[in-house]
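Shown below, as structure tokens, is a lone chain in the form predicted alone; questions about how it binds or moves come after it.
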């Protein structure tokens, strides 16, 4: 008999089908118009042979090998009982804290662990470390770090990136032209951090096309917009979106199309920006002809696009990926500048926004309700680093760096405890990370699977999956709260993070502070009750916990008409000022200018990237490699499942190349190639794609790192992890975000015997 249990994951709510204690299938959430295909991969992952069955310790670490010994990743693991594992972990936390200070404990754990808001691994870990005296955490995120640091300076906050952004229904009803920098990639719309009851990005895009909105896909990849949208494709050289927008702004200023009244009332710095665009400050006019040389887009197309934007209601949107590149602050700042020059900000369906293409729920009409979440504890160490500076922290303990106007120093990290994430997926230049990783004295990893992170740990603690515990799914971009009911028994000796972290807290003498004398079932009622009380103060009536749990979900209907970003401000700038120093949109920021950063001055500018098709380095590495979000998994999650495995060629991650680029290298579909640059190399399978700009290659992220020589930095990744190739440099001293999309490579056919992919099997376990 099959049991049906409501549950949720980051790729959506679903009904779990369980028979004889095994997950045998998933059914879409009732009413979801576009349930993700990834739901079908969940049973494979839950019952994968890579599930970790009990605690383990690296053999060398157990024998006293710390810094400078055998590299992590190349040694067998020794099984432990839980009592010993708890004692070892608590002992290491106490030793490092007491000897080197709490900032030497790194508990960043950036992650997409469970959609559940109570059993959220990073939150649980950071509560534990905070209760035990403090730790070093991470600030910002890998998704839009540069943008989220910049936008408060420019428009006074991050709603333009995180939401609510301009609503799709207003775009459908009022816009006539929509420029999509980075396209609208529908597979991104399958994902919502915290789970979702409805996937609506594709439906809204189709409605916009049917309503006659002219859609323009400005991207090196034609497939970044579905064919069904009927969008124009404007192929652009990667990393040059800022140049395109500058060229368009030049047309607006020189042809009298800029809304000078709007700029005067609602912005500061237009005069400085205009002088830069016209070349009065540096002798280089940012004309369409100048922009054409950088972008590869004909000057007449650039000029025509600017005139079209000025002539009709226009919406500008950019994917988060644009700012994950060298000087990534600039395209986001320039998009705001272009929109302000058009003067359409604050109008229904017009203006600008970020992320319509990046995650489900962006632009979807919804009533803002408080998210369910486990509260954190104050961190006594008051220590953090920007998320993308992990390797540099390990390389340069005590080293100085700049971030957002502050002069800071890296902590001396001795112990890393990672729970709920995978830096060997998210981080860039993994060979550099591996070398820095060897400096640590102890690495503790909480993880359900023997992925690349667990293989590079010293102590491995087996965690349950979300299907093996009760929880609540909740997302700030979704109008549902979801019951995630336990559907399966725990795997082998796996335990919930809350359960075993409470034991570690007990060993450290802080159990009551960590648990607040509540068990997991009580905590679920508490965190739901807090969200219900907060909703009540907003006039929203949510059912009590028992009614919610019986129903399996609660939906808050969207308002009849949503708010328009910046409408109140545009209507009366002095009565409703922005949270910027001037109270207005800052096309020139005196604050940023006074930081004195040569890589991010006081207004948006064009920087020629060090790695792009116009760089000298392109003579050696003539392909610009983009690392896209995968269609067959979420980040590195589900890579072990058949859906992901079926997408690979000869067991390797695909690399998409323009047919002419493949032919020039003597390559054909299905060939395995070595993709390389000075940072590293990996194997990949060739997929010709005439929907790419020539000179552009694409590999999706998330293939589990599988070095040919485990534990040896610089070793060939035989599986195709793109982040052995991407560069690990900050976007600028302002944002210090990741620059993964600025990456040049070359490819050659692999003619030797294919190394075996072994990462989807457990590592060697010693007696």
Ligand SMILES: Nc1nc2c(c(=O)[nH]1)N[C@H]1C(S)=C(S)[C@@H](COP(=O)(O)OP(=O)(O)OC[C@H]3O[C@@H](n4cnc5c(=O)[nH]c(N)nc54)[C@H](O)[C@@H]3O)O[C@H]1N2
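Numbering follows the first chain given and starts at 1. Here the structure is a predicted model, which is why all the values come from computation and not from measurement.
FYI, the form predicted in complex with this ligand isn't displayed, but the following is about it.
A.B. asks: Residue 118 versus this ligand, in the predicted bound form: is there a non-hydrogen atom within 4.5 Å?
C.D. replies: Because no heavy atom of residue 118 falls inside 4.5 Å of this ligand in the predicted bound form, the answer is no.
A.B. asks: May I ask you to check whether residue 463 falls inside a 4.5 Å heavy atom distance of this ligand in the predicted bound form?
C.D. replies: Answer yes; at least one heavy atom of residue 463 falls within 4.5 Å of this ligand in the predicted bound form.
A.B. asks: Does the 4.5 Å heavy atom contact test between residue 39 and this ligand in the predicted bound form come out positive?
C.D. replies: Output for residue 39 is no: heavy atoms all beyond 4.5 Å of this ligand.
A.B. asks: Please check if residue 631 has a heavy atom lying within 4.5 Å of any heavy atom of this ligand in the predicted bound form.
C.D. replies: Residue 631: contacts this ligand in the predicted bound form.
A.B. asks: Whether 110, 190 and 446 jointly form a contact site for this ligand in the predicted bound form is the question; each needs a heavy atom within 4.5 Å.
C.D. replies: Spot residues vs this ligand: full contact, yes.
A.B. asks: To verify the annotation, which of these, 578, 96, 359, 393, has a non-hydrogen atom within 4.5 Å of this ligand in the predicted bound form?
C.D. replies: The option sitting close enough to the partner is 359.
A.B. asks: Could you tell me which one of 403, 514, 569, 142 places a heavy atom within 4.5 Å of this ligand in the predicted bound form?
C.D. replies: Answer to the contact question: 142.
A.B. asks: Among 25 to 33, 48 to 56, 705 to 713, 723 to 731, which stretch has residues with heavy atoms no more than 4.5 Å from this ligand in the predicted bound form?
C.D. replies: Within 4.5 Å of the partner lies stretch 723 to 731.
A.B. asks: Mind listing which residues of 1 to 20 have a heavy atom within 4.5 Å of this ligand in the predicted bound form?
C.D. replies: The stretch does not touch the partner at all.
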